[in-house]
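As a starting point, one isolated chain is supplied in structure tokens, in the form predicted alone.
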Amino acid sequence: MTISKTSSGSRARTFLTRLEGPQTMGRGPAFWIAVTVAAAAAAAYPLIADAWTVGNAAYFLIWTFMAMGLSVIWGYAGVLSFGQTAFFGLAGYAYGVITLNLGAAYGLTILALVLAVVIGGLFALVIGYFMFYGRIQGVFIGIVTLSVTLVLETFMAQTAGPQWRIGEARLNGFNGMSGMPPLTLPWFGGDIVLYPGPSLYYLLLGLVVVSYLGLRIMLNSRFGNVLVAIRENPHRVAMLGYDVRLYQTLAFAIGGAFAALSGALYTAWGQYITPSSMGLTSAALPIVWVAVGGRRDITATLIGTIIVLAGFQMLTIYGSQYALIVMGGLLLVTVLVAPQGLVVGAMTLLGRIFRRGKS
């Protein structure tokens, strides 16, 4: 029993030490104090904001899962994918079909959420297997993933007839599905319905924190180190005896599962999903978020995604005709001026200033 407890404690310490490592920026008490303060401020936000604003903040949090998944695929594994919205849309439709057929009682929406993520992740696993074991490389991966996304969008847009239904769920073609129930938690005395508001916001915030910390642990583990090594020199990694295609496939599946989580949560948040969520514009936007933040660091990706989403929404409200132009210009500036990401550059500069201040 003593040996078992010692072994468990050792494993726990190993996981905690992986919160900091060579593959993620930020370490030491100052960084974790800043993270704690940011999380506490986010938790206190619903206390000072109205319900609509909180629901809008929940919308921002939903997209961070897709961005973090793309960071794993593109930033760490070195594979540029335009397929995130394909996994997003597939999971969104899966959540809609399951909930419209099973209903929201007894926590079935949570089951639908899990199943939708599994479906999206498995689809990404299959696509990744055929790509990487089929030795597709470089720009052709982007072409294949974009083709998969556009084929799914085109197919779903043509499902308008009454024959396109799965049980009680009609796919509705270009108009998309609607009327699916929001997330519902079974509870004593009545179910808790997580409408876009404080309850859903807190669930999403908790998921973001857990996902962020979990990804830091994974990326600083042996798996993450091998991914980065593959990104830098896949031939050398293969010579060392690692199955490069297996690691790339697993990274692609993990990124796809995170995109699927965004899709299922988005459908539960708005209670609708349309084929346009898998369109060309939708497929390109996550690339902008991750590039601007810094694709090779999960913290920069998270911060950059929220900032860019907030700016994009303001542009769509006050100058919608310029929103996509500004996003394209922002990506161009990032590539030319700060290819590692604007947030990474800012964090690096702050780190240097902090170290000079201490000295």
Partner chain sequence: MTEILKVHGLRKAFGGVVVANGIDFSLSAGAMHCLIGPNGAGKSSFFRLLLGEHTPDAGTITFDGSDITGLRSFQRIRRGISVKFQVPGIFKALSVRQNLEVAFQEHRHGQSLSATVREMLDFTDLRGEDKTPAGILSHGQQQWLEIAMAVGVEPKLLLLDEPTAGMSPDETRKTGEMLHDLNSRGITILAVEHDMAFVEQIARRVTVLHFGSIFAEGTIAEIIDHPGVQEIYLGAADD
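Just so it is clear, the model here is predicted, and its values are computed rather than measured. Residue numbers count along the first chain shown, from 1.
What comes next is about the form predicted together with its partner chain, which is not displayed.
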- TL;DR on 173-181, 190-198, 218-226, 103-111: the one with heavy atoms within 4.5 Å of its partner chain in the model of the complex is 218-226
- Message: Which residue, N233, Q158, Q137, S147, is the contact with its partner chain in the model of the complex, using a 4.5 Å heavy atom cutoff?
- Response: N233
- Listed residue (Y242, Y202, Y212, W269) with a non-hydrogen atom within 4.5 angstroms of its partner chain in the model of the complex: Y242
- Item | Distance check, A238 to its partner chain in the model of the complex, heavy atom within 4.5 Å | yes
- Message: So in the model of the complex, is its partner chain close enough to P22 to count as touching (4.5 Å, heavy atoms)?
- Response: yes
- Partner contacts for 145-176, taking its partner chain in the model of the complex and a 4.5 Å heavy atom cut-off: none
